[in-house]
Every structure is written in structure tokens, then in C-alpha cells.
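So this first bit is one chain, no partners, the form predicted on its own, shown in C-alpha cells.
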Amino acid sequence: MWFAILLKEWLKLRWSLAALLAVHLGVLGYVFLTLRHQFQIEHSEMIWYWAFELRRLLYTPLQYLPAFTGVALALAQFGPERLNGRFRLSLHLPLRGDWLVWSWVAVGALFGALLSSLTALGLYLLIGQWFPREAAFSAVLTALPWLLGGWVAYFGANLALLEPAWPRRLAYLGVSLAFLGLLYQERGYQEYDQIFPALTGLALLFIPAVILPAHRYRHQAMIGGAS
């Protein structure tokens, strides 16, 4: 049963994952070409001054990519089922509802984490091609809040998609957008190092929270009032 459930999630997401992989590779390629162009038209000392004296980030095109990926995965995973009313059928499988929902979001979160890991590795290799290894590692640490934004965007979109009541749906969107806004306040390098563990702990609260809207949706479907 569990293998069939995981296979179903893979079949739902495979084409979206292929498209997102192409987008991630395309953005990494764009950052590579931009950096190479800058090193061709400017002296290395000037770029070093921009990066480490003025603290100007050289890879901002990657900033919103994880959040975009999280929303796209949530829409691909639950959007069609909610629109077509098939989601209620899945909730009536002979398995515990909370484990069902957690298994679904675990698949989406796992694929999102793999894409984020690819982005972090690509960023490390790109920066390491022109700067010391310490600078490449610093770039990954700087990008960690953006990668956490992908997690927040994925679970925030899932909460909004699974919630049957519009007021709660808007509340979930508001909380998620506020959290995302908090993660995108940095303007320099590693500005979130001290607070990042606390932000990660808060983001983990999305895991138990995603059960609540699914439970309400199932209960509403059972009494015939689900949309």
C-alpha cells in the first residue's frame, strides 16, 4: 500500500520535477555566465572589492528560486486533486489520515530538498571557481535562509491548498508570506548565522500543522460539505 502511495506521488510530480530541474540548472548557468562576464570586463581586485568590502551579493538570481520551487511542487502535488475533488478519495484509504498526509508531503519535501541541495552545490562550485574555498562556503551559508524559504513556501502553499475554509486559508497564506519576508531581509553575507537555528525550528512546526487542514477537509467531506 505504502509503495503504491509513494509511486502515485512520483507519477504526479515527475514532469514538474523535470521542468524545475531545468529551471535550476538554467539559473545556475545564468549565474555562471554573469560571473564570467564580470571577470572578463573588470579587474579581479574590483570584483573582490564589490563582494567583500561593499558586501554586494553576486548570486542574487538564486534568491527566490527555492521559494518558487516550493510553491510549484505544492501546486503540482495537490492542486489538480483539490480542483477535481479527488483529494477526498485519497483520505478514505484504509490508513491513518495523519500518516497519509505526512507521507505525501514527505515526498514533496524530499524532492524540494534535493533541488535545494543541487542549488547549494552548484553555488559552492561556481563561487569556488573564482574565489577561495572560504568564500564559496560563505556563499552557501548566506543562501541557507533562501533554501529554508523553499521549505516554508512548500508547506505554506500546502496548508492553503488543503484547508477547506477560506478565512483559515488566507490566514495560512499571511503567516507563510510573513515568514518568507523574514527570510529575505539580508543584504550581505551570513547575516542569519545566529538566528538560523531558531528559524529552522519554527519552520519545522509546519510538519504537525499540515495535519490540521487535512483533518478538517476530511471531516467536511464526510458530512458532504467539502468543496
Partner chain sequence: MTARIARWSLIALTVVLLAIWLPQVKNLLFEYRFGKTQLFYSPVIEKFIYTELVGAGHQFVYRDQDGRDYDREAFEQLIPFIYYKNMELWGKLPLELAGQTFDKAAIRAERLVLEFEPRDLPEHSPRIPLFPLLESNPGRSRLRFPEDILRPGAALTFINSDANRRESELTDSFTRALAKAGFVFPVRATFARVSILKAFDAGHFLIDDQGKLFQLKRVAGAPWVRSVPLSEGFRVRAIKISENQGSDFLGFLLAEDSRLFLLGQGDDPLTPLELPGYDPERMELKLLFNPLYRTAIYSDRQEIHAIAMDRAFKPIARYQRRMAMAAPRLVDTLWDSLTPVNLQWRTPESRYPRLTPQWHGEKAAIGMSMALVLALAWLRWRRAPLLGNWASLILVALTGFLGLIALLLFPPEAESASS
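Every value quoted in this text rests on a predicted model; they were computed, and no experiment measured them. Residue numbers count along the first chain shown, from 1.
What follows is about the form predicted together with its partner chain, which we do not show.
Q: Is residue 14 a contact residue for its partner chain in the predicted bound form, using a 4.5 Å heavy atom cut-off?
A: No, residue 14 sits far enough from its partner chain in the predicted bound form that none of its heavy atoms falls within 4.5 Å.
Q: Taking the shortest heavy atom distance, is residue 166 within 4.5 Å of its partner chain in the predicted bound form?
A: Although its partner chain is absent here, residue 166 would stay clear of it in the predicted bound form, with no heavy atoms inside 4.5 Å.
Q: Taking heavy atoms only, is residue 55 within 4.5 angstroms of its partner chain in the predicted bound form?
A: The answer is yes: residue 55 has a heavy atom within 4.5 Å of its partner chain.
Q: Does its partner chain get within 4.5 angstroms of any non-hydrogen atom of residue 33 in the predicted bound form?
A: Residue 33 lies outside the contact set for its partner chain.
Q: In the predicted bound form, does every one of 172, 190 and 212 come within 4.5 Å of its partner chain, counting any heavy atom?
A: The answer is yes; 172, 190 and 212 each reach its partner chain.
Q: Going by heavy atoms, what in 121-159 lies within 4.5 angstroms of its partner chain in the predicted bound form?
A: Heavy-atom contacts within 4.5 Å come from 128, 129, 130, 131, 132, 133, 134, 135, 138, 159.
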